[in-house]
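Take a look at this one chain, the form predicted on its own, written out in structure tokens.
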């Protein structure tokens, strides 16, 4: 059993020891900041995107860099996971991308605001966070889309790999929300594919696939490729 004098010195020594460790870790963290941040890449678009993020209280639902709420997905590495094009389409109409599932508010962002938000999220994703956030142990495995397709005579559109692959797969690679598209050229004609891509809900009311409002050139490229999947 310690005497009063021994207990006092034990307390003083322990406080000093752990205080020194705390100071060392603080100094070390501050020293690492310049090497880990990417402030030199902070463009005007990134700053505008941050203002939009704050103005709409996005952290009320989302987490970023470990700060925020846990109601909606963590977004520190969202550009790496989803890609800029997918995020832009989602922000334009969140409910359309996941009918009956997502509860994100429709903010009616302008195209410029969407690009600013994407720029902000891309900048955040480039910060060296020393491995944060970790890959969740129970998260479903993400399958990277393969460029190889069987019996395809047309070039695979980049739009498919940035947007469509989140829901559809080809050759076993891609998402599973929508049907696999292997052999879709045998099931549907080019005209039917074009009509479907132009407005899926009009062809099949209640379908989970949203109207992506594809430009004519993008839709034509997708139709040519899908029709070649025999």
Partner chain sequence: MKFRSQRVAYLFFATSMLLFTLQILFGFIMAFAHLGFDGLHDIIPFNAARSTHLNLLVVWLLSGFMGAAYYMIPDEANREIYSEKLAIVQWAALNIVGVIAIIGFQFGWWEGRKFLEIPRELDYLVVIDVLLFIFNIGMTIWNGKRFTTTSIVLFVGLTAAALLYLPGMITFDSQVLDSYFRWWVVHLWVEGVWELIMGGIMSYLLIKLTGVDREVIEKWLYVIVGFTFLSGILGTGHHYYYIGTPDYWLWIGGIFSAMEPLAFLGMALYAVGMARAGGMKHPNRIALFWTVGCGVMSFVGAGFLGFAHTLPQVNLWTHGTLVTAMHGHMAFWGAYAMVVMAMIAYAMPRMTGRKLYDHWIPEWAFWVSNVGMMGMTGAFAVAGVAQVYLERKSGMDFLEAQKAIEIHFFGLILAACLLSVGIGLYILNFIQYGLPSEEAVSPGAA
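Definition used throughout: the rigid core is the maximal C-alpha set that superposes within 1.5 Å between two forms. It should be emphasised that the depicted structure is a prediction, and the values quoted were computed from it without experimental measurement. Positions refer to the first chain, counted from 1.
The discussion below concerns the form predicted in complex with its partner chain, not included here.
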Is residue 68 close enough to touch its partner chain in the predicted complex, meaning at least one heavy atom pair within 4.5 Å? yes
Does any part of residue 162 reach within 4.5 Å of its partner chain in the predicted complex? Heavy atoms only, please. no
Just to confirm, residue 168 within 4.5 Å of its partner chain in the predicted complex by heavy atoms? no
Distance check, residue 32 to its partner chain in the predicted complex, heavy atom within 4.5 Å: yes
Let me know which residues along 11 to 29 have a heavy atom within 4.5 Å of its partner chain in the predicted complex, or say none if there are none. 11, 15, 18, 19, 21, 22, 23, 25, 26, 28, 29
Note yes or no: does the Cα of residue 26 move by 2 Å or more between this form and the one not shown after the core is superposed? yes
With both forms fitted on the core, check whether the Cα of residue 179 differs by 2 Å or more between this form and the one not shown. no
Using a rigid core superposition, assess whether residue 168 undergoes a CA shift of 2 Å or more between this form and the one not shown. no
